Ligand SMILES: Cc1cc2nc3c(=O)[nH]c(=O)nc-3n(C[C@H](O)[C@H](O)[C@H](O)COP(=O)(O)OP(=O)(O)OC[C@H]3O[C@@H](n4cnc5c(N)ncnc54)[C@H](O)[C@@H]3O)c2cc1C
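Single chain ahead, written as structure tokens, the form predicted on its own.
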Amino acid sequence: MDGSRTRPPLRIRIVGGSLGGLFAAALLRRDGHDVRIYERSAGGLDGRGAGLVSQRELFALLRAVECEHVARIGVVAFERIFLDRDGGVAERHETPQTQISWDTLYRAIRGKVTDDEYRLGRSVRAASQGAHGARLLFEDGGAEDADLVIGADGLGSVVREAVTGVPSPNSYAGYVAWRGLIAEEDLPPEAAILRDRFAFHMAPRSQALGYLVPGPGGEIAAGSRRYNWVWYRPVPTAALPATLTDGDGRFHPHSLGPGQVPAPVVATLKADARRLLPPPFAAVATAAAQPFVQAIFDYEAPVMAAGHIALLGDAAVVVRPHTAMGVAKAAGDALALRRHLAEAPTVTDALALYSHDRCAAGSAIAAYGRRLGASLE
């Protein structure tokens, strides 16, 4: 795609500066559009992620923005193993796959937009339609008009309602994902069997998994990597607010990051890990200095665009992390939006085609995630 078209460049404003928003910005500015991202975080998002599994749509996006080298900065898990309760290998499958670093991917795509195009600390309150475009309303009282607004603002999207026309809350799935990252050099000896493998442990209403990912600077040499572990556990709806309340007593609607989980909760988590998990997984869970937690939600927008406003990534369709396809779906959304904007005669035509295209794709991935997580609900 060479970015050629008959209409002038569009004034495009993107709400949300994580990977989905960056994917859209990196692609659309290559086509000559006037692009700007508004990210509510004042400090940026570098260092927020761990590892992710490479997928076809992500490779296509990296090629499109000339960042193919990122796909080579990965750690290969040569096989999948399933551990029994005692830590023995109950199943073994030769299914190699590569895990890349969220941080490395974020930095590479962030480098494709300028600082002026990526505005930190500017919170959007809402979006609205106009006769010939869309408008952003900011928490500071300001407003800005655009030819196209893209809501890439994730689970807590403030843009959704402008597209769907109705309140659009997420639906809690009944369980959470506890997570942690450990420097490879700090892996306990009991966890040696987990190296260079994608490991799982399945139990009633519980699932643990883990794999190596590049180091914080993209290091892939043995000894310089990190181990990423996840433990899915049920939490009743009534107990969720307490699970998502940080050490200062503040409630967070979706997750707590590293350092935010209260110390007594961390102690209970580690005690539960020693009691319930196979020794290798118990060892990594108890070795994590700052575990963090993510509640699992579902949401599917009935449409992904209306008028001059489009949704992208988790703002449109939330897919459960079991699929390992959340980032790839966001990349697919961004690629499809770019294609339709380049080919359709008007913005509204392009967004109608985009919505039809990506609603079906997102719904299929979401259904797959619900099947994978059904035993945990």
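Owing to the predicted nature of the structure, the values given are computational and were not obtained by experimental measurement. From 1 onward, residues are counted along the sequence shown.
Below, we turn to the form predicted in complex with the ligand, even though it does not appear here.
S.K.: Any idea which of 325 to 333, 28 to 36, 341 to 349, 59 to 67 reaches within 4.5 Å of the ligand in the predicted bound form, heavy atoms considered?
M.R.: Within 4.5 Å of the partner lies stretch 325 to 333.
S.K.: Given that the partner is absent here, does G215 sit within 4.5 Å of the ligand in the predicted bound form, heavy atoms only?
M.R.: Flag for G215 set to no.
S.K.: In the predicted bound form, does G74 have a heavy atom within 4.5 Å of the ligand?
M.R.: No, G74 stays farther than 4.5 Å from the ligand in the predicted bound form.
S.K.: Using 4.5 Å between non-hydrogen atoms, is S355 touching the ligand in the predicted bound form?
M.R.: No - in the predicted bound form, heavy atoms of S355 and the ligand never come within 4.5 Å of each other.
S.K.: Does the ligand come within 4.5 Å of any heavy atom of G154 in the predicted bound form?
M.R.: The answer is yes: G154 has a heavy atom within 4.5 Å of the ligand.
S.K.: Could you tell me which one of V261, V158, V230, A288 places a heavy atom within 4.5 Å of the ligand in the predicted bound form?
M.R.: Only one option qualifies, and that one is V158.
S.K.: Between S123, T268, T164, Q129, only one gets a heavy atom within 4.5 angstroms of the ligand in the predicted bound form; which residue is that?
M.R.: Only one option qualifies, and that one is S123.
S.K.: Does the trio G16, R40 and L52 actually contact the ligand in the predicted bound form, every residue with a heavy atom within 4.5 Å?
M.R.: Every listed residue reaches the ligand in the predicted bound form, so yes.
S.K.: Hey, which residues along 70 to 105 are within 4.5 angstroms of the ligand in the predicted bound form, non-hydrogen atoms only?
M.R.: The stretch 70 to 105, when checked against the ligand in the predicted bound form, contributes only W102 at the 4.5 Å heavy-atom cut-off.
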